[in-house]
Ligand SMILES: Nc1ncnc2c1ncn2[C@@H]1O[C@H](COP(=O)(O)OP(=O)(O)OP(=O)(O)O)[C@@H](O)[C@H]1O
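First, one chain by itself in structure tokens, the form predicted on its own.
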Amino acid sequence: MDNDKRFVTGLDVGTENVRAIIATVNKDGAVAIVGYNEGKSAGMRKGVPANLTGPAESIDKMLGEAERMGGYEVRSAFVSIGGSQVISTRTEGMIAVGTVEHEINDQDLDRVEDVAVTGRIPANRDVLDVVPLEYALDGQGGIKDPLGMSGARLEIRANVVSALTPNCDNLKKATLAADVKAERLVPGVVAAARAVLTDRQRENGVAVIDMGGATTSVAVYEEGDLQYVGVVPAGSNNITNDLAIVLAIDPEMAEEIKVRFVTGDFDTDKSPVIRIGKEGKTERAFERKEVETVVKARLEEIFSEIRKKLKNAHYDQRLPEGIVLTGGGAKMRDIELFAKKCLEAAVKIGVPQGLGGVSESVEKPEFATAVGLALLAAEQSSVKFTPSKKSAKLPKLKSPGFLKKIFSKF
């Protein structure tokens, strides 16, 4: 391998699927995807581990093919975290840094971030990221980067993203049981945004909606920064389960009906009957109106909750760049048309683009999170992540005592 290249890995651990991206980064920062894979997830509920063995087994099994493709054995990765327990909180902090001639340094920035977090984020939550929205020096606001500036009093207004400590610890243990160290936990929707958004979109104002299996997450960006994160505890699997219950069929057939026959425009001019059947089995027929009524009701519920979160964050109908849909749920045909009606905003499907290697194989909305995680990992040497002291003092990853190394790599 070229000594100027290094490997990075993004690991998206979802409720229904586990996906991995292995990429190389050259000395110029160019990213090329060399390995990828996806597989069914186990032991996850609503985006968080329900046990340790299930996710570990899923991760280990899925990584094997990606490692063989990329020629690299994964030992660490940026890992996604989801669930309604992931939230963002607006905080403020102020410190005295010295005389008016004092130049702001990295230690000052760390200290003011720590003040903004301490006492404002509950003790049972881990800080995933501190996003500085604005600094002020001696009362002068609107500063994006005060490093090197002179002043005696430094203030910060920040957006702190956090998750429940037990869920973070259990996710780290689950990945470690598969012999993969979680270098950093990143909200899935934030990682997806890294893969599908442009700098212009982040600057002007845009929202990313990540439609997962059990949850639907939204992240809002404006002036280049993450402004808000929210999660709705319902996803594409709820649609499948609704169809299975109402039509009295198994979830596998319900999923096929959803993917093959349902479209987001709910066009009533189509055939009134849906016919489906596997080879060697009796064909079954369902009324299209009944199917579409079930799907529409659940989609309305999901997007209604998303709109409530945008309103609470004061961003409803205030996003010039509109909405970008990602995730497995975004594969439903014409779902952007339905989302546009519900959210009253421009909506499009977001896919990762502009990467090298075998990137064309993962230019799909469901791979956005895994690709974004790999991109964030690739940037870790050039973009500094400065956690608060609370985050920095988290216990180091340790192998769970009762779980032995249960899988071999090859």
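Residue numbers run from 1 along the displayed sequence. Everything numeric here is computed off the predicted structure, so don't read it as measured data.
FYI, the form predicted in complex with the ligand isn't displayed, but the following is about it.
> Are all three residues 55, 62 and 175 in contact with the ligand in the predicted complex, where contact means a non-hydrogen atom within 4.5 Å?
Checked in the predicted complex: no contact with the ligand for any of the three.
> Within 4.5 Å, heavy atoms only, one stretch in 231-239, 93-101, 109-117, 316-324 touches the ligand in the predicted complex. Which?
Only one stretch passes the 4.5 Å heavy-atom test: 231-239.
> Please check if residue 264 has a heavy atom lying within 4.5 Å of any heavy atom of the ligand in the predicted complex.
Judged by the heavy-atom cut-off of 4.5 Å, residue 264 is well away from the ligand in the predicted complex.
> Applying a 4.5 Å heavy atom distance criterion, does residue 211 contact the ligand in the predicted complex?
Yes, contact at 4.5 Å.
> My question is simply whether residue 121 lines the interface with the ligand in the predicted complex - judged by any non-hydrogen atom within 4.5 Å.
Residue 121: no contact with the ligand in the predicted complex.
> Whether residue 255 contacts the ligand in the predicted complex should be assessed with a 4.5 Å heavy atom distance threshold; does it?
Yes.
> Which pick from 332, 127, 185, 244 sits with a heavy atom within 4.5 Å of the ligand in the predicted complex?
Spelling it out, the residue with a heavy atom inside the cut-off is 332.
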